[in-house]
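The chain that follows stands alone, in the form predicted on its own, written as structure tokens.
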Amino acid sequence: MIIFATSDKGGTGRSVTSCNVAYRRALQGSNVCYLDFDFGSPTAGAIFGVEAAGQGTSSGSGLHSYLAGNVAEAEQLDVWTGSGLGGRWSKPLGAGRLTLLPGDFGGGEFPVDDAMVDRCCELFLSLDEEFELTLVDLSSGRSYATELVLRATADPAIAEKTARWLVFHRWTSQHIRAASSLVHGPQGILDTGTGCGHERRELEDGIRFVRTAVLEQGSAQLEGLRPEQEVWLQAINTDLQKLAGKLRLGTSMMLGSIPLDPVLQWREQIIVEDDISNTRIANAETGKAFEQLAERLTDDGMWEGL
């Protein structure tokens, strides 16, 4: 299965959430591959703690170089052995593979041509045979990366593979409107995908939304608020729920919700059990949200009939 992660705005937590979900899915026993298609800002290596690819790889074999036809194979890095985050990163018993295909250091967005689409198809097909889950982190907005994968997945050679989309947004009116526009608006995912040869309804059925940095009612982080502030927040939350429903990203279209966590606001990183149970720098609710989202990616019941 191939999962595409995107957002209309930067700062949604798309990459850090996607990396954490890939990590959790590997802990659940799946072989997971993570592709950094954020060509202008390839930071997945830094989130995973793989310093050799902290801002993309300098090997000359990153995804940008591969798609441009400069190398025959894209570089693959084993996160379990390549991370510099210390002993807590030793591969746990029962965990699956966790592999990173980094972008190139100093790369950037680029126009898409037919040869590039063919190489992208070949890459997706080969990884889908090797890994149970391939997670592709795209550049934000209406990017060349999004056009590339829509053209690639419309190819008959790969169209039969299961491909799903996660659209990340923060729980604010601006982000809700932007996420809806990215999917349903002019030149959005549905318009572009239809133009590439996708069946619109089928493509739409494979799209779900993920809310990030959400302050849940009753959260410990809201303790100490004045009664007036609590009433105001409840009213705003109700307004946001109505807006999300109106713009077709309400509860039935939401695959997961990631609570606001100070750790992720100050440092984009993988949250491991030690961060929750021992040092207690991260909240247990955040780890649970990542775990649930990782499980739901391939849960057909969470995707069908919505």
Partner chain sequence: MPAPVPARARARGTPPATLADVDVLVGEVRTTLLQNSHQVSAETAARLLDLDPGSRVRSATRPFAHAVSPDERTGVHCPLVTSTGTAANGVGTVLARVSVTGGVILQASARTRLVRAVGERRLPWSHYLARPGVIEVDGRSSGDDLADGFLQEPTRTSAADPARGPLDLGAVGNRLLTRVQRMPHIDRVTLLRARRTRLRFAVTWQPPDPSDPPGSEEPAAPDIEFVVHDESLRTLRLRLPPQVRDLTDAVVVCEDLALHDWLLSTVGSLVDNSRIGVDPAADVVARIRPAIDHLLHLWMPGAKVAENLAGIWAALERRPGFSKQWASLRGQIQNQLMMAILESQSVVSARSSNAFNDGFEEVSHGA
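Only a predicted model underlies this, so the values are computations on that prediction, with no experimental measurement involved. Positions refer to the first chain, counted from 1.
Below, we turn to the form predicted together with its partner chain, even though it does not appear here.
Chemist: Which of these residues, Glu204, Glu216, Asp191, Asp155, gets a heavy atom within 4.5 Å of its partner chain in the predicted complex?
Modeler: Of the candidates Glu204, Glu216, Asp191, Asp155, Asp155 is the one lying within 4.5 Å of its partner chain in the predicted complex.
Chemist: Though its partner chain is not shown, can you say which of Lys91, Arg142, Arg164, His184 has a heavy atom within 4.5 Å of it in the predicted complex?
Modeler: Selected residue: Lys91.
Chemist: In the predicted complex, is there a heavy atom of its partner chain that lies within 4.5 Å of any heavy atom of Ser173, even though the partner is absent here?
Modeler: Ser173: no, not in contact with its partner chain in the predicted complex.
Chemist: Can you tell me if Ala95 lies within 4.5 angstroms of its partner chain in the predicted complex, counting non-hydrogen atoms only?
Modeler: Contact check for Ala95: yes, within 4.5 Å of its partner chain in the predicted complex.
Chemist: So, in the predicted complex, is Phe105 in contact with its partner chain at a 4.5 angstroms heavy atom limit?
Modeler: Residue-level check for Phe105: no, no contact with its partner chain.
Chemist: Is there any non-hydrogen atom of Glu147 lying within 4.5 Å of its partner chain in the predicted complex?
Modeler: No.
Chemist: Just one of 271-279, 54-62, 255-263, 238-246 has residues with a heavy atom within 4.5 Å of its partner chain in the predicted complex, so point it out.
Modeler: Stretch 54-62 is the one.
Chemist: If you look in the predicted complex, which residues in 123-155 sit within 4.5 Å of its partner chain (heavy atoms)?
Modeler: Going through 123-155 in order - heavy atoms within 4.5 Å of its partner chain in the predicted complex - the hits are Leu125, Ser126, Asp128, Glu129, Glu130, Phe131, Glu132, Asp155.
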